[in-house]
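Take a look at this one chain, the form predicted on its own, written out in structure tokens.
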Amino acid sequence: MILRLSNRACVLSGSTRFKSTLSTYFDETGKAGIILKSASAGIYENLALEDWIHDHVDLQNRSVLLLWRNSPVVVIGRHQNPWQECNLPLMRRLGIPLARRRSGGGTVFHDFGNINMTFFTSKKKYDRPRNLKVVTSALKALRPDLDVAATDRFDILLNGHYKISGTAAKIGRSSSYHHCTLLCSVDRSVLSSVLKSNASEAIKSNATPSVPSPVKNLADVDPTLDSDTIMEAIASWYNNEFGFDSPVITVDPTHEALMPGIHKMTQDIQMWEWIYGKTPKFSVCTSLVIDDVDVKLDMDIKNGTVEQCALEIPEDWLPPEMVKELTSTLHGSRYCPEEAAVLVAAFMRTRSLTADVAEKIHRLCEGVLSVM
């Protein structure tokens, strides 16, 4: 293990000779408070790092603050429906990935203009108001006249109206973590676009919905409030609030030897079965207009797969037998445009279709895929 010290920070990385893991290193330091900063901008690596710390670090005898940022990504809560929360077709076009975290709460957009903070403690010491006090105190230390305050919902508002921070948490048997965002200079045009679902009106679901709020960047108020300056201030106030004296340790979550098992955690959290398959059961009921023909689509989705699919189409537009065969093709498939398109293409290749019928099925498929 290599620990390189500088004036303000330490860098913890892997080498060919490891004397200990990250958790045993913490034990050896004997510090009651640790401040970490992730070297990764990858959402799956950072979410895995959160899980690894929660599962492997002794949080009964110490507290940990993790600071991290991500490249553009949409992150949904554990119990949410991505089709209901965000514009998946737009995200696919923009190359913005989707992640599902293990905590509850609502959907958020991250980019490099957003700071994420995770406060790890024992379950007994879990204290969201005090954690948010660290954030608001740090901001006021940088700009004393800044009007920022935590709410009863554990958000942080700017000027009593604009949301600049949201909260979520995971509480285990003995350990817990509380994480929150902080909008510094996020691309708000992308944020508003990707967090507006293209299919929410067609979906019936008991999944946890997000609560929309007006947002603003801290940089809109003061351009000097950049991410690095704010993270440094938060680290300082964390030490001040809890009586710690930790430097900021930069840790690379790609090092398996430093954090045994983290590669599998990273892989698990980016699996389709986790991101989409963990969506609570829902139904899709909508009307499509194709060639001036009204088509009614009804689907039941469980574990991210099509449990039932029905299409109501005028018989003079497409034969009922053809419609029945087409919907049967989708049964048991992932509720996913790529897989559905492949299945419909295979369906069309294995049947003798007139050019007119083939074109109708093609346009019908485009309509169904538009809500996925």
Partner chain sequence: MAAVITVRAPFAFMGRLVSSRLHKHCCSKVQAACLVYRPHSYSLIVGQQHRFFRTSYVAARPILSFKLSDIGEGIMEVTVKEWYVKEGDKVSQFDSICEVQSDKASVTITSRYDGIIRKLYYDVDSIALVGKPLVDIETDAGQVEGPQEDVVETPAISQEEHTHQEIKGHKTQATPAVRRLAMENNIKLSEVVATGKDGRILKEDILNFIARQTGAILPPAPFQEICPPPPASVAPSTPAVKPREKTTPPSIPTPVIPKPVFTGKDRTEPIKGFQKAMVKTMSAALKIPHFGYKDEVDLSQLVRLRSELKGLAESRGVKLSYMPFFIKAASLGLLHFPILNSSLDENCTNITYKAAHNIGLAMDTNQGLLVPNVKNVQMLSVFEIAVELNRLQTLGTSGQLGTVDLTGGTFTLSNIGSIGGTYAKPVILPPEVAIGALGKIQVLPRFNHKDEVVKAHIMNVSWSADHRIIDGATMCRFSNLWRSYLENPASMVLDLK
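Positions refer to the first chain, counted from 1. Since the structure is predicted, the reported quantities are computational estimates derived from the model, not experimental observations.
Although not depicted, the form predicted in complex with the partner chain is the subject of the following passage.
- Remark: all three candidate residues (78, 93 and 173) come within 4.5 Å of the partner chain in the predicted complex, counting heavy atoms only.
- Though the partner is left out of this view, residue 199 does not reach within 4.5 Å of the partner chain in the predicted complex, counting heavy atoms only.
- Contact annotation: residue 107 falls outside 4.5 Å of the partner chain in the predicted complex, judged by heavy atom distances.
- In the predicted complex, residue 206 approaches the partner chain with a heavy atom inside 4.5 Å.
- Contact check for residue 243: every heavy atom lies farther than 4.5 Å from the partner chain in the predicted complex.
- Stretch-level contact check against the partner chain in the predicted complex with heavy atoms at 4.5 Å: of 308-316, 37-45, 341-349, 66-74, the positive one is 341-349.
- Shown without its partner, this chain lists 133, 188, 278, 143 as candidates; in the predicted complex, only 278 has a non-hydrogen atom within 4.5 angstroms of the partner chain.
- Residues are counted as partner-facing when one of their heavy atoms sits within 4.5 Å of the partner chain in the predicted complex; in 142-171 these are 153, 154, 155, 167, 168, 169, 170, 171, in sequence order.
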